[in-house]
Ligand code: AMP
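First, one chain by itself in structure tokens, the form predicted on its own.
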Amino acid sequence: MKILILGNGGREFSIARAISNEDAEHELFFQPGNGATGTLGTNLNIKDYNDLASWAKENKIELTIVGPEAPLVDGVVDIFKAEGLVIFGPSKEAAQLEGSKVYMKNFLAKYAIPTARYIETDSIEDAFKFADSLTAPIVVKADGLCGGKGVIIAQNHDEAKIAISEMLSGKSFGDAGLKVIVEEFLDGYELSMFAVCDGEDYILLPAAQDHKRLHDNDEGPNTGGMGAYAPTPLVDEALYQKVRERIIRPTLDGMQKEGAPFEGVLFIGIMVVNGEPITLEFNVRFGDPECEILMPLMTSSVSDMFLKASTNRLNEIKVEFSKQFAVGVVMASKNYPYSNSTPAEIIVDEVHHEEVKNFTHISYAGVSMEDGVLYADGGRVLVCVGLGDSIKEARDRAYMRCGQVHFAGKQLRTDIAYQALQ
């Protein structure tokens, strides 16, 4: 099958890697891809979505998979479907579940899906008044896309008011912050769940746990994610069932009623409070780095899952997972997440250890290739993934792999999966 993957991160690399490992013959293309995706297929440079759809049609692309949120919010799926192309991801209208936090929160309220108490407003007075009614900490969110950084957890009322003021003035996140959500802080533990949807049916993947803070012990600034593991023992069948009945089913039914059936990945950020799942947020694509650990756990065909979801035929397949655990550790560049870093050459030691060779791999993200040399370009550079029969074994292997990767200024957490191992 000829497959086009949109995006340039570790998420897209890991999807491509999983498809490359299938028995079937696939030809992969990336727009734009990164310095390492060129080893799995062909990188393109076609920025305009209409031109890209024309290229896909001319080159008989049988399936397009959209990785990041921005093209989805911009309507790339609608453009491709208008050309009769098969594409995995939600329509522009359905992508508002991530594109606008105000739309998402109002949708949750309309369809009685559990979420934190909140106000959505562009009025600084109303935002301050609601913040004063809450007990600190207080959560302040920018409405639009902010690359995973538009959420502030204010430790007191003064901090909350500064965050509100800076968002509404456009200082913090530009136009993305001109409407804000102020909501109560939920005290529990956070989980990531992913439902692959075809508008009516869905397949729920094993629950993962992400680590958002830059440093060990969940300290330092929020990031796009510094590591993840799956499946997490913090979820039992009863909790999965509550998520199915109270969140996923009413969301799919509600989106049908809204005239925007949801196709693609519904990423549900959940806070579990006293055993009850509360919806923190929706995203409309795989999380990163969660995707990097879920893909290698799939034992059935990854490409077939994407194809069936894109053609409303999920009921025809059974998606299967190995009994193993996966742990992914992110290596980031020196100045992440504050500023760009100078490109640094990446040296990966040759693997001689059988355990490392058979049970670990690297998913590349912020990298470029020049004259056959791989460089860390900045941001989150790569994810070292370990598989094992226990979370501890998978984690030990992931860190063994980390020890073989070298570049100037590399930073990583040393406690990924600590909550599961405590």
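In case it trips you up, residue 1 is the first one in the sequence shown, and so on. The shown structure was predicted, so the numbers you read here are calculated from the model rather than taken from an experiment.
Below, we turn to the form predicted together with adenosine monophosphate, even though it does not appear here.
- At a distance of at most 4.5 angstroms from adenosine monophosphate in the predicted bound form, none of the three residues Ala94, Leu108 and Asp143 contributes a non-hydrogen atom.
- Note on the interface: of 161-169, 79-87, 279-287, 348-356, the segment with non-hydrogen atoms within 4.5 angstroms of adenosine monophosphate in the predicted bound form is 279-287.
- Residue contact check for His157: none of its heavy atoms lie within 4.5 Å of adenosine monophosphate in the predicted bound form.
- Not displayed here, adenosine monophosphate is approached by Ile153 to within 4.5 Å at the level of heavy atoms in the predicted bound form.
- Heavy atoms of Leu204 never reach within 4.5 Å of adenosine monophosphate in the predicted bound form, leaving it off the interface.
- Using a 4.5 Å cutoff between non-hydrogen atoms, Glu120 does not count as a contact of adenosine monophosphate in the predicted bound form.
- Contact with adenosine monophosphate in the predicted bound form, defined as a heavy atom within 4.5 Å, holds for exactly one of Ile113, Met305, Leu134, Val139, namely Val139.
- Just one of Val196, Ala260, Val102, Leu186 comes within 4.5 Å of adenosine monophosphate in the predicted bound form, counting any heavy atom, and that one is Leu186.
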